[in-house]
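Below, in structure tokens: the form predicted on its own, a single chain.
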Amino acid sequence: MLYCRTYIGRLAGTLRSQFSTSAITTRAKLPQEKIRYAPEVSELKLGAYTPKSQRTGVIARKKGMCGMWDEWGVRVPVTVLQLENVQVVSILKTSHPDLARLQIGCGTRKDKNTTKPLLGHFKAHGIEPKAKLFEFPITPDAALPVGTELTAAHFVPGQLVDVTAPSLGKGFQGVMKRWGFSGGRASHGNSLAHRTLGSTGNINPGRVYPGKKMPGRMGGKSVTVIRLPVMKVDTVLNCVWVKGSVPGYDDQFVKVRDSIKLVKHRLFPEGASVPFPTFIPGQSPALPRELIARVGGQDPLVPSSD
């Protein structure tokens, strides 16, 4: 009996030393915690915009479509986007010193309709609860202090913007509506196969390839429309008129930011005064109520001499 106790004690000591050694080795092999960076912004002041600078985007509500006329009398279809209580909620940390992210909030929400974690997040930054939160990547020189309000004057008439929003959901649809298939023949031997997709594969490899276009849920996904010109800015109603259509239904929250893909395009009109990092009342030049973009060029309604 004494021998068994001694043997068990030695075995336990050996196992304990092995486990401690393996734990230390495993802890040493674990990746070290990454250093997180966040730009420090003490006060809000104007800066100089550079081509490498990236300003923050805003959250707006899609109010619907209408039409306006340019300086040549040509009607342009536009979508009205309105900014409602858009503020900087927090400055997020990133793993690279040359990159930063801002958390932007839009709208208002009652405390009783806000979850406790979000309510604590807003109170920690001294911001009233927001209806919607989004993040936007920026460069460190475009960082804004927490609580800064973003208005429609953040954009310049004539500049290009990218608009992101969920598209309209159309439910479960067939391949002709969802993917534009031609379908089967209308007659002459066709029996109850007028809108089918046809063959989905062959005997080799005897399976359906991943990504095969088939019937399924259509719409309801995040869509980005790029390079939409800003046709008009209303500083009183806090609205931005962009040329063309925008994804989503009326009153939908949309993300609006400066365009990124600018191949053979200019982000801002030539000679435009860019509010950087944003429009600051009292520091930026005073603006009229309406700022309308000029198309330029020749009058398209006058016949050419050719």
Partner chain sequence: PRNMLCGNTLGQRLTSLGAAFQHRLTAARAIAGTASRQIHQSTFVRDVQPYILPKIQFDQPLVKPEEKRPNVMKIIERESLARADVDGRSKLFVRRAHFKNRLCAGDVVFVETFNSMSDTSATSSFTGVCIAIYRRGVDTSFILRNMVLNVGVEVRFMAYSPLMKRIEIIQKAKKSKRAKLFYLRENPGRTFQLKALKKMAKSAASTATKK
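Please read these numbers as outputs of a predicted model, since none were measured by experiment. Residue numbers count along the first chain shown, from 1. Between two forms, the rigid core is defined as the largest C-alpha subset superposing within 1.5 Å.
As for the form predicted in complex with its partner chain, it is not shown, yet the points below apply to it.
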Worksheet item: Looking at R75, K213, K221, R195, which has any heavy atom no more than 4.5 Å from its partner chain in the predicted complex?
Response: R75
Worksheet item: Heavy atoms within 4.5 Å of its partner chain in the predicted complex: which stretch among 197 to 205, 142 to 150, 111 to 119, 169 to 177?
Response: 142 to 150
Worksheet item: For Y249, is any heavy atom within 4.5 Å of its partner chain in the predicted complex, or not?
Response: no
Item to complete: Mark S245 yes when one of its heavy atoms lies within 4.5 Å of a heavy atom of its partner chain in the predicted complex, and no otherwise.
Response: no
Worksheet item: Quick one: does D98 come within 4.5 Å of its partner chain in the predicted complex, counting heavy atoms only?
Response: no
Worksheet entry | 4.5 angstroms heavy atom contact with its partner chain in the predicted complex for F253 | no
Discussion item. Pick out the residues of 56 to 79 whose heavy atoms come within 4.5 Å of its partner chain in the predicted complex.
Written reply: K63, G64, M65, C66, G67, W69, E71, W72, G73, R75
Worksheet entry | K52 C-alpha relocation of at least 2 Å between the shown form and the other one, rigid core basis | no
Discussion item. Following rigid core alignment, is the displacement of the H265 C-alpha between the shown form and the other one equal to or greater than 2 angstroms?
Written reply: yes
Worksheet item: Between H265 and V78, does the Cα distance in the predicted complex come out closer or farther than in this form, changing by 3 Å or more?
Response: farther
Worksheet item: Compared with this form, is the C66-H265 Cα separation smaller or larger in the predicted complex, the difference being 3 Å or more?
Response: farther
